[in-house]
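Shown next as C-alpha cells: one chain only, the form predicted alone.
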Amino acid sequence: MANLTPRINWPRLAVLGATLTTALVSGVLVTAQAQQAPPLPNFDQVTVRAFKIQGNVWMLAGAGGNVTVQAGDDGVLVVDTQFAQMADKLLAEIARISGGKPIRYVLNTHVHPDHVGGNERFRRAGRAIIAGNVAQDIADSGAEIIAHENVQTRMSRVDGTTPAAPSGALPTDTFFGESTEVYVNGEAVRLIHQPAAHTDGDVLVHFRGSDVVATGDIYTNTGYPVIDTARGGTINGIIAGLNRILDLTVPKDKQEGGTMVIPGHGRIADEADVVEYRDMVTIIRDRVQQMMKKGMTLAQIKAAGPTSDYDGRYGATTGFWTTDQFVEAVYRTLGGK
C-alpha cells in the first residue's frame, strides 16, 4: 500500500468507524461513579485496515486501540494487540504487510484490555531474537513482550482492580525507570514511561529512524482524554504526557507532516494536532482549577460548563466516557473531594 499523502487527505479514522469511537475505549471503572463496560462489537464483522505511515512503520485499525507495526529484515515489532478476539485478523494483516516475517517484539503502552487482549496469541505466533548456547532451549519461547512494570503488576491482579490475565499474556520483560529501548530493523525504538497519565503504566514508543511516535491512550483524538483514576491516572499526568509527545515531535514546513503521531484511538496526527489537543486539555484543567479556588463544588463546576466550547468536538452525554465523567476526573485528580 502506498504511503499516505499530507494530513488533510488522510481519512479521519475512528477505532472502528464513527459509530464505535466512544464504545471502544476500555472496559474499566475510571471514576468514583459506577459504570458499565462498553459493549463489545461483533468481531466477525470487523475489518482490519492497514495504513503505511513512514519509514518502516504502519498503523492498523480494527476494534480497540490502534496497533503500530514496524517491519523489516529482522522481523516485526508490534505496539499493542487490541482485543483477544482480533488477534487472528491482526496477525493475518501483519503477515501480509511484512511478507510473512516473524513477530519478534510486542510492546504494551498500558494495561487496558483493548490494548493487551491479544498478547497471548501474539506471543505464541512470534519468535524472540535469541542466540548463543541457550538458543536451542528457548527456540519456541515466542515473541518477547515488553511493558512498564506497573502493567505486569496490574495484569497479575496484585492490586485487585484488573482481572488476572493468562500467564502467557503477561510481559516477559519489564522496566521501572524512565525509559528502555530495543534496536530492531536498523532502528532505535525507545519506550518512555509517563507517570500518572491515562494510567500509572503508560509508555510512549518513539521510532527514532522512522520519526513516528505511538502514544497509547495518553493522546487520543476521538474525545476528551480518559483518566483512569482507579489505576493512577491524573489530569496533570495527561498534560505532561502531551507535552512529552511535543518534545519528541518535529514539524515539517508550516506544521504539516514531519514527525507522525499514532494515537491510542483515532486518526493519524502530527505535531499541530497534538498542540491543539494539549491546549484544549490545559485550558479545561485551568478553568476547573480556578473554579475550585473560588470554592465551587463539583456540581457547581459541572453546571458552569468548563468544557462547553469544546463539547461539539470532544464531548459526549452518553456512552462509556461522558463529558461529566471527564470533568469529575479532572476535579478529583486536582484534589477535589
Partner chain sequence: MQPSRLRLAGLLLAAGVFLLAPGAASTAVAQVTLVGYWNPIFDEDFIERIPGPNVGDYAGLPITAAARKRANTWDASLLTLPEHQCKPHPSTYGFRGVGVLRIWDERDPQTQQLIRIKTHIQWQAQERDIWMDGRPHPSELEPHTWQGFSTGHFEGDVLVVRTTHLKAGWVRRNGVPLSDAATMTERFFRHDDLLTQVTIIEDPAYLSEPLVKTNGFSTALNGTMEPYPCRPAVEVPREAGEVPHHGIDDALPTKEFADRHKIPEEAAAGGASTALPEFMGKLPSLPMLEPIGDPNEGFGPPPAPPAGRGRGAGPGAAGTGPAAGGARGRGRQ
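Numbering follows the first chain given and starts at 1. In this text the structure is predicted, and so the values were computed from the model without any measurement.
The protein also exists as the form predicted in complex with its partner chain; that form is not presented, and the subsequent description refers to it.
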| query | finding |
| --- | --- |
| Output flag, Glu271, Asp286 and Ser308 jointly within 4.5 Å of its partner chain in the predicted complex, heavy atom basis | yes |
| Candidate from Thr153, Ser141, Asn243, Ser179 lying within 4.5 Å of its partner chain in the predicted complex - any heavy atom | Asn243 |
| Distance check, Asp279 to its partner chain in the predicted complex, heavy atom within 4.5 Å | yes |
| Interface membership of Asp74, its partner chain in the predicted complex, 4.5 Å heavy atom rule | no |
| Non-hydrogen atom contact Glu256 with its partner chain in the predicted complex at 4.5 angstroms | yes |
| Partner proximity in the predicted complex: Arg267 to its partner chain, non-hydrogen atom cutoff 4.5 Å | yes |
| Within 4.5 Å of its partner chain in the predicted complex: residues from 291-307 (heavy atom criterion) | Met291, Lys294, Ala304, Gly305, Pro306 |
